[in-house]
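Okay, so here's just one chain, in structure tokens, the form predicted alone.
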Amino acid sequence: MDFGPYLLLASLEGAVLASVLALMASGLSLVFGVMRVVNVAHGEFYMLGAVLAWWVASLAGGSVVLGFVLALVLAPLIVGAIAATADIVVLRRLSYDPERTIVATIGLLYIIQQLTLMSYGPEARPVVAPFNTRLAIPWFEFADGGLRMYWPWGLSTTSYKLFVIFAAVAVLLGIRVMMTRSRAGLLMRATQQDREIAQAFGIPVERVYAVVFGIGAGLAALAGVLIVPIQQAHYLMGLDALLLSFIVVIIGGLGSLAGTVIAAVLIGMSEGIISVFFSPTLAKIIATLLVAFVLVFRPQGLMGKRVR
């Protein structure tokens, strides 16, 4: 296979990673942007989404499509409810103090992880994709004075991977519309701008915080459901995802959803391409170096606002 088609194949793999990463990092960015809480347990909500997808698929029996659809609906709702409860029971009692909430979410991380280990076990378990048709990808090149299309051997992807990309784009657009056009988004943005003034105008800030924390966790769980037919569900899978999410949020700008999506595309695509041509370890090293450069030369991130 020529280099061009091979690069296209690596880019498609990177696009899948970027889509899932954008969903997860957007949840992390939303929580920090509105609540000013660094949620260290965010990766465990991603893991819970994948594990619940396996549970739901198992309970659905032989109906693969029904199990996956139920997992897409139920896993984000269940994880979002767990996160909202954690906000009410733990974070609210700490008055959302930045230092204490970090410690609290670290504790939440270990609680979720160990409870999952006790109930789910240490095994990595797969979930069957509801559809997984192999699709050949055409390649175009100029030859003999014109544009020629051909089908390189081995250049293909699956219908499910394309579904993951389109589903992530649709959800992110929905979040964008919610934040800019809906009353709920208006309340979130008002709370983000000034908590005290929002409360003075009668906005139920604590209720908004619980909803935001639940939405952020639900986005992470949705990312876990989408990735589990590609990667197996495992109780430790949230750690790497959390690291990549923090890298994306730092590069994009804390609290900036647009910057988070741009950074997720950059990191996901670069990691997918570098992992194919070189090694996954090199991809993570480059991503870490990029974070260091951003912190030195543009601490607020690509689209974050400078604190005055």
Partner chain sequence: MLRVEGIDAGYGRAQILRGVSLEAPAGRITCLMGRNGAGKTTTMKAIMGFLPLRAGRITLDGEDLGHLPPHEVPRRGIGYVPQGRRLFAELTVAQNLEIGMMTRRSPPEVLERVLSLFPRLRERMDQRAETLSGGEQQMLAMARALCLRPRLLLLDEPTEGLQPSMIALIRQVVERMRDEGVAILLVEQRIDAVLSIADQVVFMENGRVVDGAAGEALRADPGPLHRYLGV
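These figures come from a predicted structure and were not determined experimentally. Numbering follows the first chain given and starts at 1.
Although it is not shown, the form predicted in complex with its partner chain is what the next lines describe.
K.L.:
According to a 4.5 angstroms non-hydrogen atom cut-off, is G107 in contact with its partner chain in the predicted complex?
P.N.:
Heavy-atom contact with its partner chain at 4.5 Å: absent for G107.
K.L.:
Can you tell me whether R207 touches its partner chain? I mean in the predicted complex, with a 4.5 angstroms heavy atom cut-off.
P.N.:
Taking the distances in the predicted complex, the answer for R207 is yes, it comes within 4.5 Å of its partner chain.
K.L.:
For R189, is any heavy atom within 4.5 Å of its partner chain in the predicted complex, or not?
P.N.:
Contact check for R189: yes, within 4.5 Å of its partner chain in the predicted complex.
K.L.:
My question is simply whether R93 lines the interface with its partner chain in the predicted complex - judged by any non-hydrogen atom within 4.5 Å.
P.N.:
R93 lies outside the contact set for its partner chain.
K.L.:
Which pick from L77, I137, L72, I203 sits with a heavy atom within 4.5 Å of its partner chain in the predicted complex?
P.N.:
Flagged contact: I203.
K.L.:
Find the only residue in T85, Q114, T180, S159 having a heavy atom within 4.5 Å of its partner chain in the predicted complex.
P.N.:
For this set of options, the contacting one is T180.
K.L.:
Tell me, please, which stretch of 213-221, 228-236, 191-199, 124-132 lies within 4.5 angstroms of its partner chain in the predicted complex when heavy atoms are compared?
P.N.:
Going through the listed ranges, the match is 191-199.
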